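Read the single chain below, which is given as structure tokens and is the form predicted on its own.
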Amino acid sequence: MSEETPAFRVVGDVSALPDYAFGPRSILWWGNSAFMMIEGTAFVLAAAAYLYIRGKGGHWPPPGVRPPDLLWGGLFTAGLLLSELPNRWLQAKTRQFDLASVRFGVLVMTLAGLALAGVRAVELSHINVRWGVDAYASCIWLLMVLHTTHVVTDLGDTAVLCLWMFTHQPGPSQFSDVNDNCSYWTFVVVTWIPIGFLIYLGPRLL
């Protein structure tokens, strides 16, 4: 290489590009989406096991076993669906970089998550069968524990974001993080619809 030939050359200046993005332009959005796809596959496999065992015939639930109580399951379902209202509102505010609204929104969602986790804790005591009794019980508890794990996981994530928002001066990337977290909560809500059907209405209708 001659002295006149530079070791490298600049082909483009990207210093003015933003270091954050929303939606598919963000690498974290892709990671979050892949995470939901993986976990969605786990839900599908658990539901398939439920339907396969149910399809083998026999009583469902087995004789002497009552289906899960509808009261607490209904309360959880109603609360979960209603939580989408502040969640969608919060997601819209993240794109407007409205700090006061986002702080209020993540606080509301943290409190909503705590309330739903409390209802779920009571709900678990009204499944009316221990997990190891038979295949029916194992399927019901597998679906319930899988979804509960996601509720608790998102609650922890939301609580951390809430704490950060109130103790720091967030930058644009933190608004993007909250936006992705809202998408994950929607995933938690949507996946509960078929899972809740299998747990509560499956023993009564299938």
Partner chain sequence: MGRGLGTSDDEKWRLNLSRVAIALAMASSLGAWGCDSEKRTVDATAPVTAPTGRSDPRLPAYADNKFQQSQGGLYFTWYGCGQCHSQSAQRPQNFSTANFRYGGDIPFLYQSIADGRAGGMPAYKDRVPAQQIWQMASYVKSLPKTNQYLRRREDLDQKGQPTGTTWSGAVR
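Positions refer to the first chain, counted from 1. Just so it is clear, the structure is predicted and the values come from calculations on it, not from any experiment.
This next part talks about the form predicted in complex with its partner chain, which is not shown.
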Original post:
Taking the partner as it appears in the predicted bound form, which of 128-136, 114-122, 86-94, 69-77 has residues with heavy atoms within 4.5 Å of its partner chain?
Top reply: 128-136
**OP:** Considering only heavy atoms, tell me if Leu155 and its partner chain come within 4.5 Å of each other in the predicted bound form.
**Re:** no
**OP:** Report yes if any heavy atom of Tyr184 sits within 4.5 Å of a heavy atom of its partner chain in the predicted bound form; otherwise report no.
**Re:** yes
**OP:** Classify Leu161 as contacting or not contacting its partner chain in the predicted bound form by the rule of any non-hydrogen atom within 4.5 angstroms, answering yes or no.
**Re:** yes
Original post:
Thr148 near its partner chain in the predicted bound form, any heavy atom under 4.5 Å?
Top reply: no
Original post:
For the stretch 162-180, which residues lie within 4.5 Å of its partner chain in the predicted bound form by non-hydrogen atom distance?
Top reply: Ser173, Asp177
